[in-house]
Structures are given as structure tokens and as C-alpha cells.
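Given next, in C-alpha cells, is a single chain: the form predicted on its own.
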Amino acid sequence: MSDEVVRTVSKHSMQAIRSDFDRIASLSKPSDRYRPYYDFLVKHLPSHCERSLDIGCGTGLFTRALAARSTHVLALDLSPNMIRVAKDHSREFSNIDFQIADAVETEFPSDHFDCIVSIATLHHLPMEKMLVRMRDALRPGGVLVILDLFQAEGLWENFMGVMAFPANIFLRLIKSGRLRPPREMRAAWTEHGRHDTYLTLSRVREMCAKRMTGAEVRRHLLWRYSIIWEKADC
């Protein structure tokens, strides 16, 4: 496949993703299906950052947690509707700069950010390329915090994922009073899932070993994983 065709396919894919999340943002309240993982992620954030970056900020829930520890946060999302919702619910945070942007096309300064966060976004992007770009954009001593989804491989990983479903349903019932999301929301996520693809956890670990020596890759429930990495302070 030629480079031109690859770029065209990628462009069409990003347009589809933007459309999906514009639809999801218009249907949702400012909640987040990744909230159960936030306590784990927050404890790995630096106690204070001058400059932070949130790639794929969505409705801004975790961005606001990051802003509580940062002088300035640059928060990017491909979806205009997601950015609109994020701004509407972040009015008291004057230190967040929400921008509609494609993270693949955005230029990041080298050795600049004290912390870079990305939640459920990297599986939409060229993973290895983004790891390198985030690595280079972190200042020495800066911290990278990632949460994303992986493709299960083998009976054990599939079994562990299935066993987590009851806990997920229970948490949703407590949070929303519903066993299932509304029908329109389920339909929007199902449509989005038609063009989602995920790396296996072994592949993620291979990339991290190659590009970010010492990164901690951890498996979580419901086919999620985290990457925590601190850039060496040269």
C-alpha cells in the first residue's frame, strides 16, 4: 500500500472517530466509563506540574484532576462536541486550554511537559509513533500516564475479562441506577466499536521495552492496561 493511500485511509478513519465521539458527546452526561481506574492513575501523577498534556481528553473529567496538580494543562481532543462539553464543565479551571486537535498532526515541543496523560485514545493512533512523540515531549523527570484497551490473547486473558463483567455491572448500577446504559448510548458505542482495533498486551510490552526502557505495563480488569513511565533525569 502506498504512503498516499495509507494517509487517505488514516484520514478517513480519523473522520469516522470524530463523528463517533461527536455523537457520543451529544448523548452523554459528563461521566466517564474509565472513572474506576482514576484513583490508580492519579496516584502516579506528579504532586505538581508546571505544564501538562492530556491527549484525548474527552469530556474533561481526568483533565480536571490533572489541572488540580498543574499550573497549565493543554487538553486535546479530535471531537468538537467533546471539547464543548469539557469546556462547559470546566469553567472554574482557568488553567486548562482545551483545543480541538488531531494528536498525530500536532507538534509538541521537546523536553517540555512535566506530565503527559492519555486515556483510551492510543488505540486510535499509531501507537509506537505516539510513544516516541510523547517520550520526546516529556522533560527529564517527567511522567507518562496511559490507560488503554488491549486485545485478549489466550484462554486466561479472556477468562479474566469475562469474570470482570459482574463487577462492572454492579458499579454501573451504583453510579447510575441502571443495569445498562440507555439504548441510544449503547448503539453509539456499538457503532464506534465496528472500527476499533487493539494491540495485544504482549505487543504493548514489546513496544515499551523498545522505546521506553523501564516502563511499567500493568493489566487491569475489562481488558484495560496502564503504562507508567518516568523519563530519566539526565
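Remember, predicted model here, so these are calculated numbers, not experimental data. Don't overthink the numbering: it's just position in the shown sequence, from 1.
What comes next is about the form predicted together with a small molecule, which does not appear here.
Within a 4.5 Å heavy atom cut-off, is residue 17 in contact with the small molecule in the predicted complex? Flag for residue 17 set to yes.
Taking heavy atoms only, is residue 82 within 4.5 angstroms of the small molecule in the predicted complex? Yes.
Can you tell me whether residue 133 touches the small molecule? I mean in the predicted complex, with a 4.5 angstroms heavy atom cut-off. Result no; residue 133 lies far from the small molecule in the predicted complex.
Decide whether residue 128 counts as a contact residue for the small molecule in the predicted complex under a heavy atom distance cut-off of 4.5 Å. No - in the predicted complex, heavy atoms of residue 128 and the small molecule never come within 4.5 Å of each other.
Taking the small molecule in the predicted complex, would 58, 104 and 124 all count as contacting it (heavy atom within 4.5 Å)? Yes, because 58, 104 and 124 each have a heavy atom that approaches the small molecule to within 4.5 Å in the predicted complex.
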